[in-house]
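The form predicted alone is given below as one chain in structure tokens.
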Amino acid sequence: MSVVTDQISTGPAGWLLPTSLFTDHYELTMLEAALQSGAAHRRSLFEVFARRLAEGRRYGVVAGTGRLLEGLATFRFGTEELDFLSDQRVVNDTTLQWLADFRFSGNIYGYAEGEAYFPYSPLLQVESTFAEACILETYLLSVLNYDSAVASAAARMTSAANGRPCIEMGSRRINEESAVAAARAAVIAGFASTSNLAAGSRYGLETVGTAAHSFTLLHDSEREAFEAQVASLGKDTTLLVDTFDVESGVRTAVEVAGRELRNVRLDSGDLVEQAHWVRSLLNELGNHETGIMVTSDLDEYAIAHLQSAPVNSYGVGTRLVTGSGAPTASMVYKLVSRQDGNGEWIDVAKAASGKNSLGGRKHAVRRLNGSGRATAELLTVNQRAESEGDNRPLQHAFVRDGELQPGWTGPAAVTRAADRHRASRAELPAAVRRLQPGEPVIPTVFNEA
């Protein structure tokens, strides 16, 4: 049987490590009990969705699907993983044997990366035996919740930037693998580049970077530091001008690099006031084409505040990689349908107060008006959503019978996702650009069979 593993490049050494233990203990104890009862082999359908958006957000952005598909390729229980589970007595020998032979053989459907989503959008559907789907829960949610939180924040930032490029610079604020995930998600949502080299290597992202304050402090003078940087990197570089005195820094930068200097960078102080003052000084010195890059704990609100300033690009770190106040997308993974002992499908749903779900297979389209503007997220249950006319289907097949479908992983998938995001955001109502808290820009409408 062909499986996902056979179709994904393993990339640079040490990249695609086993993902099977990115799993909560209870998933394997459920597996053991289900194997004992005989229900583990029942065909089941799980769905990933968010009951609500982050407080006050108008929409969310799907990200992480390509990463989880890549990780599915290494969701295997080898000798090391099985020995650990055995030594810790997590599961019995029968379950260990089942895990040793595990290969995902089911189907995975969902929204394309970069797509906007809303409450109860069926973002990912996993159809397989209960056993296969059950043990994927934590891994899938850990990827989708973080990546989508970053992409959703990044989308607000790029919207506020209104065409000025944003650069992802948050690697030092999170762990090393999250840094790669954040860079990838940010580019999907419109960021132009990243400072993270691992993300550049794995996903073909543009990487940028010049120098920090320590580089200036290393040298005997600011001038010596600038001269060394320009001699090495050329005049098409960005000089950090606020290590000491901004005016002196700008004048020295221009004296060293001349009118061909690409950018100066400001990283402290009142950025709006400083940007206006530095722009005037650069113009006075004849550097009309030298741009101004600003950094320093920016978020979507700070970027919007800087719209009136003569800023050319933004470097964003901490607030981006922590979701700008919403570090998770709060997605859940719920069993919505299963077969009974006779092979008949039965809808199932959780009824707990505040955490209810709706049983049955969801089909989703984005309802568009005659002008191509989105008016609703239309979900139907156990029947195909109307896809005629102005309705746009939202779900795609990622894996069929264990076979990864082409185009959803690797560098090409990031480009595809960024294109999808631009198109998806363009069809949403104009209120999508507002940063003030509000309701989702379009409603989620259910049409139950």
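Since the structure is predicted, the reported quantities are computational estimates derived from the model, not experimental observations. Residue positions are given as counts along the sequence shown, with the first one as 1.
One more form of this protein should be noted, the form predicted together with a further copy of the same chain, which is absent from this view; the next part is about it.
> So, in the predicted complex, is residue 80 in contact with a further copy of the same chain at a 4.5 angstroms heavy atom limit?
Contact with a further copy of the same chain, yes.
> Give a yes or no for residue 24: in the predicted complex, does one of its heavy atoms lie within 4.5 Å of a heavy atom belonging to a further copy of the same chain?
Residue 24: yes, in contact with a further copy of the same chain in the predicted complex.
> Against a further copy of the same chain in the predicted complex, would residue 286 count as a contact residue? Criterion: heavy atoms within 4.5 Å.
Close contact is absent here: in the predicted complex, residue 286 is far from a further copy of the same chain, nothing within 4.5 Å, heavy atoms only.
> Although a further copy of the same chain is absent from this view, report whether residue 361 comes within 4.5 Å of it in the predicted complex, heavy atoms only.
Residue 361: no contact with a further copy of the same chain in the predicted complex.
> Three residues, 142, 181 and 332; all within 4.5 Å of a further copy of the same chain in the predicted complex via heavy atoms?
Yes: each residue has a heavy atom within 4.5 Å of the partner.
> Mind telling me which stretch in 155 to 163, 334 to 342, 367 to 375, 116 to 124 gets its heavy atoms within 4.5 Å of a further copy of the same chain in the predicted complex?
Among the candidates, contact is made by 334 to 342.
> Under a 4.5 angstroms heavy atom criterion, identify the one residue in 112, 282, 211, 261 near a further copy of the same chain in the predicted complex.
Contact check passes for 211.
> Scan 302, 90, 309, 192 and let me know which has any heavy atom within 4.5 Å of a further copy of the same chain in the predicted complex.
Of 302, 90, 309, 192, the residue with a heavy atom within 4.5 Å of a further copy of the same chain in the predicted complex is 90.
> Taking only heavy atoms into account, state which residues of 116 to 131 are within 4.5 Å of a further copy of the same chain in the predicted complex, ordered by sequence.
Residue within 4.5 Å: 130, and no other.
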